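Just one chain is shown here, as structure tokens, and it is the form predicted alone.
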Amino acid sequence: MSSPPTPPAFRRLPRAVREQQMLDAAVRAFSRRGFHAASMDEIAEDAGISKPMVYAYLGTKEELFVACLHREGTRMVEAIAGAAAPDLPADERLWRGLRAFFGFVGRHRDGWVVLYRQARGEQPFARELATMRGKLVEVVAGMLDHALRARGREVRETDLEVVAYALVGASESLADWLADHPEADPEKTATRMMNVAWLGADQLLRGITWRPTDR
């Protein structure tokens, strides 16, 4: 009689390392196949672990998807905030923030697909995404506020928030384009966005605003 097959042996790794492997595999699977089509079996196989271990470490598929969102979103916000030092001139801060953002998307295209495409159409993931976007808007609004105060000007909080949302929204749309064009250079993409954004931001910093001619 032939002996039963030996179950695969999994190399023991620190929990934090193993969790990152699972998240890497999950981001790839969710990016390729979407939340509903991706299976825990393929995620476990890609990570080189057993399916029960995925459940034990990160919970259900829904909880795993949220963990992916949190990791990718945190990485993105930290990259932007870390690049834009507060002692830099306003245009340099915005440029470095944009370069960090598009650089993140270029390096983590699968992660961006999960963040921007998969999450926004699925509840409760869309709420998680809205929370992360809110944090990013806060970072951008803080950069603008700092630059304005350095020039002796103050702008209403609502106006800062609106401009920050506009910059974040435009950057997200262009990042979505970048994710679909692997041949595109993230730094050149950041330069294009900078040229569009800074023309408006510079006017704002100098107190110049457009108004309808009938007012």
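So that the term is clear: the rigid core is the largest set of C-alpha atoms that superpose within 1.5 Å between two forms. Sequential numbering from 1, following the sequence displayed. As the structure is a computational prediction, the values presented were derived from the model and not from experiment.
Not on display, but discussed next: the form predicted in complex with another copy of the chain.
Engineer: Ok, Ala170, Met53, Val66, Met40: which has a heavy atom sitting within 4.5 Å of another copy of the chain in the predicted bound form?
Structural biologist: Selected option: Ala170.
Engineer: With the cut-off set at 4.5 Å between non-hydrogen atoms, does Thr60 touch another copy of the chain in the predicted bound form?
Structural biologist: No.
Engineer: With a cut-off of 4.5 Å between heavy atoms, is Met22 one of the residues that contacts another copy of the chain in the predicted bound form?
Structural biologist: No - in the predicted bound form, heavy atoms of Met22 and another copy of the chain never come within 4.5 Å of each other.
Engineer: Report yes if any heavy atom of Arg117 sits within 4.5 Å of a heavy atom of another copy of the chain in the predicted bound form; otherwise report no.
Structural biologist: Arg117 belongs to the contact set for another copy of the chain.
Engineer: If you check in the predicted bound form, is Thr131 within 4.5 Å of another copy of the chain, heavy atoms only?
Structural biologist: No.
Engineer: Heavy atom within 4.5 Å of another copy of the chain in the predicted bound form: which residues of 106 to 145 qualify?
Structural biologist: Arg117, Gln118, Arg120, Gly121, Glu122, Gln123, Leu144, in sequence order.
Engineer: Quick check: Leu148 between this form and the one not shown - does its CA shift reach 2 Å or more after fitting the rigid core?
Structural biologist: Yes, Leu148 moves 2 Å or more.
Engineer: By the 2 angstroms cut-off, has the C-alpha of Glu92 moved between this form and the one not shown once the rigid core is superposed?
Structural biologist: Yes, the C-alpha moves 2 Å or more.
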